[in-house]
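First, one chain by itself: the form predicted on its own, in structure tokens.
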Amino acid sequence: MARIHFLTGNAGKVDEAVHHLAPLGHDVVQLSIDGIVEPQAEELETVARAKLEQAKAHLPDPNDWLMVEDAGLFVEALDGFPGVYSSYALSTLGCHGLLRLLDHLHSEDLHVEAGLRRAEFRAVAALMTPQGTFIGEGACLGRIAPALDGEGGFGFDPVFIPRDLDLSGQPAEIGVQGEVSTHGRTFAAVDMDLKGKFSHRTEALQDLLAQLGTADEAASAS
């Protein structure tokens, strides 16, 4: 099929991509490039496309495919912050700093307080091919925990509690017990198998694969 160069410094992301793409015959290899600049933008897709454009000149073969992934934590009460700036916010504010920001928005009304902590992880998986660029999207709805919980995971995992999932894998209503649940624990407090059931990155990859399948079917029919 194709050799896919995955632009990332995270070997774990590469392993996840291999898990989904290798069975389809694709060869996924890690691509590390110094000097890639992230644009000042509000959308993950804009950042991902900019990285693709900067990295494509580094492909050893112009017929190879290039892939990038971008993800961020979007907190409703903070107007989506840190969003596309999640990596910077993590290195400067950290999880404790994010909790302090939300503590300043405390309300006496418990229902309002719960709403102030609504958040979601979003991810995009962008793939540049000779036939065009495909963008897969994924999201994980949840809320920010009142305090750090757990020692696993990475990034903002210690402060993010995902919403339960129903039988079809969709987020359950707030306050409703779902079939898949962390029982109020954060991503950092559960094992990788359970966390993977909520993965916004996996959802983005699956969306990307669905688009590739549709494109292949259209090419075969023409």
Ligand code: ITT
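This structure is a prediction, so every number in the text was calculated from the model and none was measured. Residues carry their position along the shown sequence, with the first being 1.
Just so you know, the form predicted in complex with the named molecule exists too; it's not on screen, but the next bit is about it.
*Asks:* Is E38 part of the interface with the named molecule in the predicted complex - any heavy atom within 4.5 Å?
*Replies:* Residue-level check for E38: yes, a contact with the named molecule.
*Asks:* Within a 4.5 Å heavy atom cut-off, is G213 in contact with the named molecule in the predicted complex?
*Replies:* Taking the distances in the predicted complex, the answer for G213 is no, it never comes within 4.5 Å of the named molecule.
*Asks:* Is N10 a contact residue for the named molecule in the predicted complex, using a 4.5 Å heavy atom cut-off?
*Replies:* Yes.
*Asks:* Answer with yes or no whether P171 is in contact with the named molecule in the predicted complex, where contact means some heavy atom within 4.5 Å.
*Replies:* Residue-level check for P171: no, no contact with the named molecule.
*Asks:* Okay, which stretch from 143-151, 127-135, 97-105, 71-79 lines the named molecule in the predicted complex, with non-hydrogen atoms inside 4.5 Å?
*Replies:* Only one stretch qualifies here: 71-79.
*Asks:* For the heavy atom contacts within 4.5 Å of the named molecule in the predicted complex, list the residues of 144-167 involved, in sequence order.
*Replies:* Those in contact are F154, G155, F156, D157.
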